[in-house]
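Only one chain comes next, encoded as structure tokens, the form predicted on its own.
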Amino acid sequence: MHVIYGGTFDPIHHGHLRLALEISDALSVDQVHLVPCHIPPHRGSTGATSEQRLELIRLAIGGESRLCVDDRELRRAGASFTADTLRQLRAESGPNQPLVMVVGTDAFAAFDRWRDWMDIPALAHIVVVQRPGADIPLGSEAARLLSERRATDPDALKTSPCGAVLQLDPPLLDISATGIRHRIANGRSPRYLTPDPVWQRIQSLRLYGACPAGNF
């Protein structure tokens, strides 16, 4: 089973990393693939370039065999659309391998505003991770999709290549990339919110308004 967890990762932090490991445990897979987007279609510009965010991810996951990075969206021109990524992965893996994408309830609630959203269940399973304060509105297309395709057991995702929607409520760390960027911009250290090598590199690159290293 091939599992992808996409996002801007601007910057990557311990909340992202811990969730990826929780997904690995819940689905009993050896590896979760982090897929940083190149140009996010539903938000403004990122605080770090694609290349910088990729470098920070690689620093963050160093030494952790269960996490790897897939930079395919960074190598693709234009905005990063999930359906395009899944089509590419499906073409590579063939029709029978189970393919899983991970998404939070906040993003899944607006699923019908994604480009080619109706094609996605025919390409992959969807794992919806509960986010604090984010619910799936009753009567929404997301709620209908969950009702029609709900899986109750993670093992069920291994029996078919795509089409199921599984809800998970793993323990989450209350950390946000937005909060980290604001903290850095205000001259405060984000240490222990993101891995030390990531914070050190942010300082050396002066990302997000960081001062040069020395404010560790």
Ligand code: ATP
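Don't overthink the numbering: it's just position in the shown sequence, from 1. Computed from a predicted model, the values in this text were never measured in an experiment.
Although not depicted, the form predicted together with adenosine-5'-triphosphate is the subject of the following passage.
Using 4.5 Å between non-hydrogen atoms, is residue 181 touching adenosine-5'-triphosphate in the predicted complex?
-> Flag for residue 181 set to yes.
Evaluate residue 177 for contact with adenosine-5'-triphosphate in the predicted complex, applying a 4.5 angstroms cut-off between non-hydrogen atoms, and reply yes or no.
-> Answer yes; at least one heavy atom of residue 177 falls within 4.5 Å of adenosine-5'-triphosphate in the predicted complex.
Any of the heavy atoms of residue 202 lying within 4.5 Å of adenosine-5'-triphosphate in the predicted complex?
-> Residue 202 lies outside the contact set for adenosine-5'-triphosphate.
Interface membership of residue 123, adenosine-5'-triphosphate in the predicted complex, 4.5 Å heavy atom rule | No, residue 123 sits far enough from adenosine-5'-triphosphate in the predicted complex that none of its heavy atoms falls within 4.5 Å.
Listed residue that, although adenosine-5'-triphosphate is not shown, lies within 4.5 Å of it in the predicted complex (heavy atoms), from 59, 156, 172, 68 | Comparing distances to adenosine-5'-triphosphate in the predicted complex, the residue within 4.5 Å is 172.
Counting only non-hydrogen atoms, which stretch in 69 to 77, 100 to 108, 141 to 149, 86 to 94 is within 4.5 Å of adenosine-5'-triphosphate in the predicted complex?
-> Going by heavy atoms within 4.5 Å, the stretch is 100 to 108.
In the predicted complex, which residues of 3 to 17 put a heavy atom within 4.5 Å of adenosine-5'-triphosphate?
-> 5, 6, 7, 8, 9, 13, 15, 16, in sequence order.
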